[in-house]
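Only one chain is shown below, in structure tokens, and it's the form predicted alone.
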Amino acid sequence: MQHTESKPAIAGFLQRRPRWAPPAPLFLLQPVLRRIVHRIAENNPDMFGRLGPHYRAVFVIDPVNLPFVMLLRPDPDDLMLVARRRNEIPEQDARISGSFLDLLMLVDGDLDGDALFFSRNLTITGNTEAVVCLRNALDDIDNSIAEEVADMFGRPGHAALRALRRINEKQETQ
């Protein structure tokens, strides 16, 4: 499938990284991702019921304009959200690919997943039933996941979220 990638400032910076530069230090992201997934799970325990038999599925969340992917296993007894280099992706049940901003706005409820999929800005491979169950679980969350994550980081988190939303709005008007 074809991607129409947007290039937000952060993702553009990472893509311009010289080839000789060392890889992104993903070990710095792991505790942040672990904290994020556990906080979301604590604040939204009912979402796991919507996953049905797919709660142990491994989803690859692939922001195509970043140098890494994230692995998500939404098992409430063994939650996992970790970053992996693109050449270290294990076997997965499903893969969800799109630009970082599209994925963020999708999780935040600002974008329609069907519209993204049919415009080919979102690619789904593997077990689509598991992806639909994950989407339904996320749709059932009353609050904004992006806001929950921003809350975890206080003012800097909210400033970063506002900046990302402005970049997204700017791209939509172009």
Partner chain sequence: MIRPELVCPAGTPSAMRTAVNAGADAVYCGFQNATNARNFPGLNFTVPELERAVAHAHAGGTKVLLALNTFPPAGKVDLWKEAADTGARLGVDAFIVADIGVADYIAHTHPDIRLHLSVQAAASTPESIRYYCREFNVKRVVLPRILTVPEIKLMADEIPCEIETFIFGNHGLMVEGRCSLTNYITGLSTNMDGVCSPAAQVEYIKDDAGNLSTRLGEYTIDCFSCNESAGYPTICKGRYLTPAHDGPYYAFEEPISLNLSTLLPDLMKAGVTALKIEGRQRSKAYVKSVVSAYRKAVDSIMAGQDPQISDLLALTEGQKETQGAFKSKTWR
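The model shown is predicted, which means the values in this text are computed figures rather than measured ones. Positions refer to the first chain, counted from 1.
Another form exists, predicted in complex with its partner chain; not displayed. Remarks below refer to it.
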| item | value |
| --- | --- |
| Its partner chain contact at Gly109 in the predicted complex, heavy atom, 4.5 Å | yes |
| Its partner chain contact in the predicted complex: Phe117, any heavy atom under 4.5 Å | yes |
| Touches its partner chain in the predicted complex: Thr128 (any heavy atom, 4.5 Å) | yes |
| 4.5 angstroms heavy atom contact with its partner chain in the predicted complex for Asp139 | yes |
| Contact at Arg50, Thr123 and Cys133 by its partner chain in the predicted complex, all three, heavy atom at most 4.5 Å | yes |
